[in-house]
Ligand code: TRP
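To begin, one chain is listed below as structure tokens, in the form predicted on its own.
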Amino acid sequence: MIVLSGMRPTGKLHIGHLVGVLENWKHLQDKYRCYFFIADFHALTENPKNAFEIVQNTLEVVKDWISVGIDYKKSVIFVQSKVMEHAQLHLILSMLVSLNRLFRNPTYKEKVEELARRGIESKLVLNVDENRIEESINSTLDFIFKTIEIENDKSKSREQIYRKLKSDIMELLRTTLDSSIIIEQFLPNAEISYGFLGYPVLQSADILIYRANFVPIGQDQIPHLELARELARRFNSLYSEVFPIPEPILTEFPKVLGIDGRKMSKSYNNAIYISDSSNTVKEKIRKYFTDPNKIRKNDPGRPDICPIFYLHRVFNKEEKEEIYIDCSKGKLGCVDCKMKLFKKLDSYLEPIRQRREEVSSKEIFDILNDGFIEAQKRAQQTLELAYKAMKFQ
């Protein structure tokens, strides 16, 4: 059984990646044949200039993978763009999906909503005269009713039907128009590219090119996997059975909060990185937001809403119950609580940092090259099966 998962090369990884993804990968590699890849093509979808940072960022990401225990002897680790069969299958799959389906994809819709929240949208003026549309509807309805024999004593019923039908048709037209222009409404200023729109098709190709059986995702990401499942079924139905239908391995990806209380993210500059030094980790933990109602040491705290206590639950399981009680009763101050966390987290990260220092760039390139050879072999077999099914060979 094959598991497929990947990450975009965004640079050094933080402890949110560690507890949310990498710990899960470590367990999966002991049970399945895992393909873990650097999704460098995907890194270009929002900004093509990311290409200039990909090589260095790839080194940083893979160093983090290796340092936390992703074992290249158990798993295939490689770079997406090196295996050109990804792009070839992407092209084939793009013939099997409509534009409307892509515009309904959660990835696209979420991006549009994000851009709208930022105020990045164009003011599109429709050259549509609603009065003329209504006149057309009235004429159509008049014609319909002229062809139907309606008694004079039923004129009121006729009027009611007329209004209802007109209202329904107008609403249908408005809905249709709205759905047809949403693409243009956000494209001009948002600069959403063809590559971004086709992102989920390439994502499907990433999965299907290895005939993956499982993809580890969270519950909220199931709609993102559905397109790959649809395309696998469509190809199999149209040609012949080549692709297994990939199933999700449902995984709980915890939302690790950063220094400022928001989700931990490089873009928010609020992250503790796996590679951070001991002093850096200590300083970042000192700055962490805590319960705003706990101003003094003796004030009762609310650990359930505190980002520091969440990290205790992950990295300090031995003391978490005692800390919960003492914080709630006002027996434990925030400074002491943070230092307890620092000691546990620093102890957890120290062997990872040491291993990371030992991994050279040459070793990373060798791992990626070996992984490329293994991944390409599987991808070529899949593409040959696909071409044979399509009578290309």
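Please read these numbers as outputs of a predicted model, since none were measured by experiment. Heads up: residue numbers just count along the shown sequence, starting at 1.
Beyond what is shown, the protein has a form predicted in complex with tryptophan; the following relates to that form.
Proximity to tryptophan in the model of the complex, taken as heavy atoms within 4.5 Å, picks out 199-207 from the listed stretches 199-207, 89-97, 258-266, 244-252.
Proximity of residue 37 to tryptophan in the model of the complex falls within the 4.5 Å heavy atom cutoff. A residue is said to contact a partner when one of its heavy atoms sits within 4.5 Å of a partner heavy atom; residue 386 fails this definition for tryptophan in the model of the complex, lying far away.
Taking the partner from elsewhere, residue 221 is found to have a heavy atom lying within 4.5 Å of tryptophan in the model of the complex. In the model of the complex, residue 42 approaches tryptophan with a heavy atom inside 4.5 Å. Listed residues 215, 311, 232, 77 were compared with tryptophan in the model of the complex; 215 is the one with a heavy atom within 4.5 Å.
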